[in-house]
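The chain that follows stands alone, in the form predicted on its own, written as structure tokens.
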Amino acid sequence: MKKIIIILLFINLLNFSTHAMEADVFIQSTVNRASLALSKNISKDEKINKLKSIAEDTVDIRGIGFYSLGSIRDNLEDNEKEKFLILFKKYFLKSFSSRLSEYTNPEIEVKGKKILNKNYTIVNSVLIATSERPEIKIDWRVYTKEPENPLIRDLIIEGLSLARTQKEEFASIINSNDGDINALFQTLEGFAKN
């Protein structure tokens, strides 16, 4: 009987540690972590490193990368896909962290959520206005297929999807170079080096 009780307690602990996190709680927790990192009295490089770490924990960088490639990803060899993902991750983390590191105390307040389906939830929030900037509406597209591990797939700032904008930029680079994926690789490499 004691063995059964211990086994049941262990199962309950496992279930508790892997329970689903609501998308709105996940986003508020994520922005609180970022805000805390940005408000610390540390160097810009330290802030960037903390933001990169938060992004790696909370953003579906691989999913955003493949979405950004559009239909061209279907024509790529496996080694080209791997190369793209390596370059895109460096590009994404540098772009994301360097932009955010300029904010000293970004207060983001989650206002609500809309469950689109079992895979996606939109979380509505606002970047609180300050004397230097107006209030900014930010919607987060959260991938919730694995409820215990939600991931951010897109930010929609004042109605503009960052993932869609990225996809259009990449398509423009590839199309203006006769469909050559190497042109995109060079662009991503160049950004990562600067």
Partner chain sequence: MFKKLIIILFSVFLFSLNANAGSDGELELKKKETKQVKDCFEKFNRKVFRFNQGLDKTVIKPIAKGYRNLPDPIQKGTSNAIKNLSTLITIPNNVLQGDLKTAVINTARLAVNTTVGLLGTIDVANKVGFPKYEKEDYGQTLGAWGIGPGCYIVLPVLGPSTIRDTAGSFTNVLGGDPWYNMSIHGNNEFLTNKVYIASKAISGVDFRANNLESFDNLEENSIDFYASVRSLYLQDRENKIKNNQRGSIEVIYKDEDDWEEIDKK
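Residue numbers count along the first chain shown, from 1. These numbers come from a predicted model, not from an experiment.
There is another form of this protein, the form predicted in complex with the partner chain, and it is not shown here; the text below is about that form.
Taking the shortest heavy atom distance, is I122 within 4.5 Å of the partner chain in the predicted bound form? Yes, I122 sits close enough to the partner chain in the predicted bound form that at least one of its heavy atoms falls within 4.5 Å.
Heavy atom of S39 within 4.5 Å of the partner chain in the predicted bound form: Outside the cut-off, so no.
Residue-level question: is G63 within 4.5 Å of the partner chain in the predicted bound form, judged on heavy atoms? Answer yes; at least one heavy atom of G63 falls within 4.5 Å of the partner chain in the predicted bound form.
D78: touches the partner chain in the predicted bound form, heavy atom cutoff 4.5 angstroms: Answer no; every heavy atom of D78 is more than 4.5 Å from the partner chain in the predicted bound form.
Within 42 to 62, the residues that have a heavy atom no more than 4.5 Å from the partner chain in the predicted bound form: Going through 42 to 62 in order - heavy atoms within 4.5 Å of the partner chain in the predicted bound form - there are no hits.
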